[in-house]
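Presented as structure tokens, the chain that follows is alone, the form predicted alone.
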């Protein structure tokens, strides 16, 4: 049954609708060479309001319960609709087509947005076939930690993505900006093969929107990727690149293993970092009973702090970019950590000291940098 593209009349919970429109609007352009793509399709039918949109790269379709007085579908500017609904305080709102406008009505007010030509909108296609399912809580937690290592520089699209790969009964996520790399994996229930490079912003958006979900279904084919849960479907075009193999960092021989309280080490790095000078480099010296964190700058002075740790292996000193080391430690919180350290300019891998079998696992790779005295 086709919907009337000129009529719509629904009443909905204001807070629920405002949140859904805001979620959808974040994935759509505010302006551009195709004005129709700034619009949000609202389809009312069978006591359900469906919100959908696309910018030709990302797609979004959200379903919310509503009282549908008149079935129909309209296309309206997404951001003005989000701004208007977000400012309302009344518990219910009515959306009704009045001529060439969509009226947003409350007991004390009326706001009207222009209708856009819905017949010219490209529409929002279905997601690819499902390839597996994963715990929403575990995926959201891991995405927040792994995606932070992805680059935000669109000039190098390869590094703006997260490599998502099914490896037996584990789902692996890897991201890098060339200077650090986050590697995580968690249990999943595979229904097919999965090896894709997904734009990090889409996964970050899922982490924002899926907090009430229990299970997330993963969809993929040769060109598109999507995630769905009850009431929501988000999709995107894949990045067409070959991602760096993380095994050269995780499987390489280790020269020293350090176990340390992550929160204590992060605090020392945070306090020493202001003395790291223009290059923002701090030194981490492996000692017999701990780590010495130090930095020096002719103008700012010098600082050092000793942190108790268990050190097994060689004794040497590495330089690190203070911000990257601090970022890596931050994602682990207060847990006890294991640092696998290698000589020269080879990577250091930070991981939890203890991971229960079957739990989500995270490793963070930080590349050393030459100290000013080297």
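Residue numbers count along the first chain shown, from 1. All values derive from a computational prediction rather than experimental measurement.
A second form of this protein, the form predicted in complex with a further copy of the same chain, is not displayed here; the remarks below concern that form.
Heavy atoms within 4.5 Å of a further copy of the same chain in the predicted bound form map, among the stretches 305-313, 341-349, 58-66, 327-335, onto 305-313 alone. A residue is said to contact a partner when one of its heavy atoms sits within 4.5 Å of a partner heavy atom; residue 222 fails this definition for a further copy of the same chain in the predicted bound form, lying far away.
Using a 4.5 Å cutoff between non-hydrogen atoms, residue 247 does not count as a contact of a further copy of the same chain in the predicted bound form. When contacts are judged by a 4.5 Å heavy atom cut-off, residue 238 does not count as touching a further copy of the same chain in the predicted bound form. A residue is said to contact a partner when one of its heavy atoms sits within 4.5 Å of a partner heavy atom; residue 233 fails this definition for a further copy of the same chain in the predicted bound form, lying far away. In summary, among the residues 281, 272, 139, 203, the only one with a non-hydrogen atom within 4.5 Å of a further copy of the same chain in the predicted bound form is 272. Here is the short version: of 144, 109, 192, 123, the single residue with a heavy atom within 4.5 Å of a further copy of the same chain in the predicted bound form is 109. Within 4.5 angstroms of a further copy of the same chain in the predicted bound form, the stretch 86-119 places a non-hydrogen atom from each of 87, 88, 89, 101, 104, 108, 109, 110, 111, 112, 113, 114, taken in sequence order.
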